[in-house]
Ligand code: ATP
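Only one chain is shown below, in C-alpha cells, and it's the form predicted alone.
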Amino acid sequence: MSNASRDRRTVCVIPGDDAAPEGVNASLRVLLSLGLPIDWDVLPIGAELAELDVAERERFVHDRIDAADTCLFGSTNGTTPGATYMRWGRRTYANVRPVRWRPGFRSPLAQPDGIDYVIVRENLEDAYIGVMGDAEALRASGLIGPKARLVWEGEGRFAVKVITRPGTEAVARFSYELARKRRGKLTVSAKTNMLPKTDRYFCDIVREIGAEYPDVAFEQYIVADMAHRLVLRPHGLDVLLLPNLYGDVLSDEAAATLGGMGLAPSGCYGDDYAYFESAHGTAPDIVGQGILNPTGTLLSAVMMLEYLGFTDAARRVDDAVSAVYAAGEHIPPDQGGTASTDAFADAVLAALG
C-alpha cells in the first residue's frame, strides 16, 4: 500500500497523446466526483509538452512523477515521456492485467459469463531489454548454434532475450501472493520445449518458488497451448504468469475475448511504486471524434484507488461501470452502442449516485 498512514495522497495524471487524453479527462471527472483526499496533479497533454525540448520535457515529467504517490497514465506515441521511467527507472516489474467479463461487454465468445482471471506479465526483462544488432556481430561472437549454422545466410538482425533468477523470483512471489488473495491457483506458461535456457528456466524458477506457497495450486502449459486455452478454456484460470513478450501478446488476446482493447485496464507494480494505465494505446485514428471508450482508463483507476487504500471508492466505481454496461443504454461504439466518451462518463457518474 502506498503511504497508507497519510491523510492525503497525490496522483500525477499524465493525459498522453492523440485520443488518450479524451479517455483520461472523462475518467478524471468521475474520480473528482468521489471527493477523496487526493491532490490531482494534471500534466499538459503531449502536444503541449512537445513545445519543450526533449531533455526539459523528461525532467519536467519525471519530477512530477517522483513528487506523487502514483500515476494515472494515458498512453504515449513517443511524445509524452514517463512510461519508460516509471517502468524501468522505478522498477515496476509486475504488469497486472485483469480479464473479467461483465454483462454488456461485446465478447465474441459464445459463453463469456464467468471469465475472471488476472494476467501477470513480467515487465522488465525478456526481449524488452533492447539488446539488438546486426547478425554479423552475433556470428563473430561464436554463440551460433547448430540450427543457425545450417540455415543462416546473408544479411540478418538479432535480438537478445534475457531471463534472470532475481527478476523471475520477484514476479513469481508477486503472482503467488496475488493468487493467494484470489482463488488460490497459479498458471505459468512459456515456450519451454524450444527455449530451455530461458523459458524453461523461467518456469522452473516459478515452480521452485511455489514450495513457499503450498496453499496455491500450480499448473504449467506451453505458451502455444495457452493461447488456445485463453479462447476455449478461460474460465478455469485464476492468475496466469507469463514472461514479458508472451504476456504482452496474450494479454491483448485476452482483452479480445472480452470485447476489445477499450475494456482492458492495467497496473504496473514494483516493491515501492506502482502506476496505472489503460492498455489500448493512443488511438490516433479516432482523435477528436469523442468516441474513445474510457472503460479501460476507469478500471485502471479502480486498481489505482485500491493501491492507495481507497477500497470503498474503488468498489463504487467498479460497480458503476458494471451497472452502465448491464443497463445497455449508454454503451460506447466499440461495444456496439452510440455513447460518446463523455456520455459514457456521465452515465457512470449517474450510476454512482
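Just count from 1 along the sequence shown to find any residue number. Given the structure is predicted, the values throughout are model-derived calculations rather than measurements.
There is another form of this protein, the form predicted in complex with adenosine-5'-triphosphate (ATP), and it is not shown here; the text below is about that form.
- Residue-level contacts in the model of the complex: of Gly247, Gly262, Gly267, Gly82, one residue has a heavy atom within 4.5 Å of adenosine-5'-triphosphate (ATP), and it is Gly262.
- Of the listed positions (Pro37, Gly290, Pro284, Gly328), a single one reaches within 4.5 angstroms of adenosine-5'-triphosphate (ATP) by any non-hydrogen atom in the model of the complex, namely Pro284.
- The closest heavy atom approach of His280 to adenosine-5'-triphosphate (ATP) in the model of the complex falls within 4.5 Å.
- In summary, the region of this chain contacting adenosine-5'-triphosphate (ATP) in the model of the complex, judged by heavy atoms within 4.5 Å and restricted to 44 to 52, 29 to 37, 290 to 298, 320 to 328, corresponds to 290 to 298.
- Of the residues in 325 to 353, only Asp334 comes within 4.5 Å of adenosine-5'-triphosphate (ATP) in the model of the complex through at least one heavy atom.
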